[in-house]
Every structure is written in C-alpha cells, then in structure tokens.
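What follows is a single chain, given as structure tokens, in the form predicted on its own.
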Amino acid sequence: MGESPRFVDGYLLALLARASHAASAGFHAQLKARGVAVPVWRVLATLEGAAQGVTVGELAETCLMQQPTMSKLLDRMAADGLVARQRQGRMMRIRLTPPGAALAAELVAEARAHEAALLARHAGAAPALKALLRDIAGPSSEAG
C-alpha cells in the first residue's frame, strides 16, 4: 500500500501560496536583476495609472504591508525620486514622479509579458482562474 497523500498537498491555502511563489519567481528574478525590490515594485504597480494618487493606507493594504513599514518604504522611494507626497485637504496622497512613472511603465510591461507567458500555458482557464482568485481575495481586489 502506498503512502496517504499529505494534507498540505491538497490544502487550498498551501496550493495558493505555492502557486504564487512559483508564478512570481521568474518575474522577481527580473526585478532583482534591475535592482528593484519586490515591495518597491508593488508600490510602483499600485500607483501606475492612479492619476489622483493613493493614500498610504490604501498602498499598505494593496501591497500587503503594515502602514508604518509602508511609510518607511515611501520615505526611501521619495528620496530616490520615484514618488512624491501631496496633501489634499487632510489627506496625504502618494503619486509617481516622472522617473517613477517611467520605471513603473517599463516594469508593468515586463509584468504583463510574464503574466501572458504564464497564462498561455493555461489559456482556457485564465479568465475563470482570475475571477475565482478575485472572489477569494475579496472586494479590494477589484482593481486588478
């Protein structure tokens, strides 16, 4: 008699984590080769196309970071000339600077190419898979 399958081999959360890791590895290697940390990429991708900017809280939620950690990252990104803070009334919004927007556009194009190559292997399932993952992730995942 063969061994029983391990619980984690069929556990949804473990499968999602492993799939995310496997799907991201190639693109993360591209980021590393360009000297861009994954958290910086996440901020750039979130701000790309957000003409009105995004609050620190929204960035932290979307980028899966605690707000104090996000604030420190934004300090470094502002010092590097990638983002700027702009006060709108009582709210502080974060926007890409022109160099940040240029880098974001380049990286988003690379990310789209990486995603297209990944999804090409599962073309028929791609729309349903994205819809299912958006449903699991909840309302805040509607943006992308």
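Predicted model only: the values in this text are computed from it and were never measured. Throughout, we count residues from 1 along the sequence that is shown.
There is another form of the same protein, the form predicted in complex with the DNA; it is not shown, and what comes next is about it.
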inquiry  = Please pick out the stretch from 88-96, 44-52, 104-112, 22-30 that is in contact with the DNA in the predicted bound form, where contact means heavy atoms within 4.5 Å.
reply    = 88-96
One residue of L119, C63, A78, V56 in contact with the DNA, assessed in the predicted bound form (non-hydrogen atom, 4.5 angstroms) = V56
message = Going through 33-49, which residues have a heavy atom within 4.5 Å of the DNA in the predicted bound form? Please give them in sequence order.
response = P39
